[in-house]
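In the block that follows, a single chain appears as structure tokens, in the form predicted alone.
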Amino acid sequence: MTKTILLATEKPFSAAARDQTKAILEGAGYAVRVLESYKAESDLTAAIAEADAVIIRSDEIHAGVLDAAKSLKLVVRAGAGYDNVDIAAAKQRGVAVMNTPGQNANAVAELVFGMLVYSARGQFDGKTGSELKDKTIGIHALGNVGKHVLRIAQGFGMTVLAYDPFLSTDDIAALGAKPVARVEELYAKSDVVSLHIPATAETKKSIGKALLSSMPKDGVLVNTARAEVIDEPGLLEALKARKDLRYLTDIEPSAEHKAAFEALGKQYLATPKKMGAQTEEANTNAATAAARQIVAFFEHGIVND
């Protein structure tokens, strides 16, 4: 019986990425259904009912959605992390979950520097700004994105520090960054900190007043990681107390604190939506990687951890 694969993307892939993904799946003999720009969860539950596998982006796959998916065997997130998938509920229902780490990494790293340059130049207000050359950037977590940030920062002529509890100092030094032993040291010594930690029990709400307040004059925090790692009240306290600090992000703040962030003027810069992976190349890389994982799963039983 022909397998049905659903592409469920409230935030759609580019047309080219979608078409290449469909071609891979249809070439393997699967039927492909596309649900894009949907407005209600009921649209997703209706579409996923007959799917054997689903490719998502930031779409929420929780127990209720899984209960509607009677034939589902696999969820693949075209991106890094599993924050939007209830892993435990999937496991209980015999549904495998995979993602595509690294496929969006360069796109996210380039956005970091797009926001940094825009902010350093006063958001292009015509007044005198500043340069990134000779500034110190601290990379908080040197994973797939962090490594691309390191590479680009070296091109700007920046000094690069890095903190990653899962890498040895020798590993960090081999990549071309100066390792620091403590996260507090990273923030205290960096003109810019680029944040790339996952949202875990240990990291949620871990970035707040103390770390931001410890940064040098005109310090900048860039968050292209996760909303959950930010202590929003603490961050707001630090920004209000020190008008020289800036916070740049592609993650919309909570409704509770959105107005307070927006009132900060040029201390705060946010893209309209989470845009780190929104390039033609990243769309295509992540979507087609997800399609190939589905084929490998059904044809060869391969499950990527």
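Quick caveat: nothing in here was measured; it's all calculated off a predicted structure. Numbering starts at 1 and follows the sequence shown.
A second form of this protein, the form predicted in complex with a small molecule, is not displayed here; the remarks below concern that form.
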property: Residue stretch of 43-51, 252-260, 238-246, 271-279 approaching the small molecule in the predicted bound form, non-hydrogen atom distance within 4.5 Å; result: 271-279
property: Residue among L167, A80, V85, L195 with a heavy atom within 4.5 Å of the small molecule in the predicted bound form; result: A80
property: Joint contact, T4, K73 and Q293 to the small molecule in the predicted bound form, by non-hydrogen atom at 4.5 Å; result: no
property: is_contact(K135, the small molecule) in the predicted bound form, heavy atom dist at most 4.5 Å; result: no
property: Partner proximity in the predicted bound form: H148 to the small molecule, non-hydrogen atom cutoff 4.5 Å; result: no
property: Contact test in the predicted bound form: N223 vs the small molecule, heavy atoms, 4.5 Å; result: no
property: The small molecule contact in the predicted bound form: S190, any heavy atom under 4.5 Å; result: no
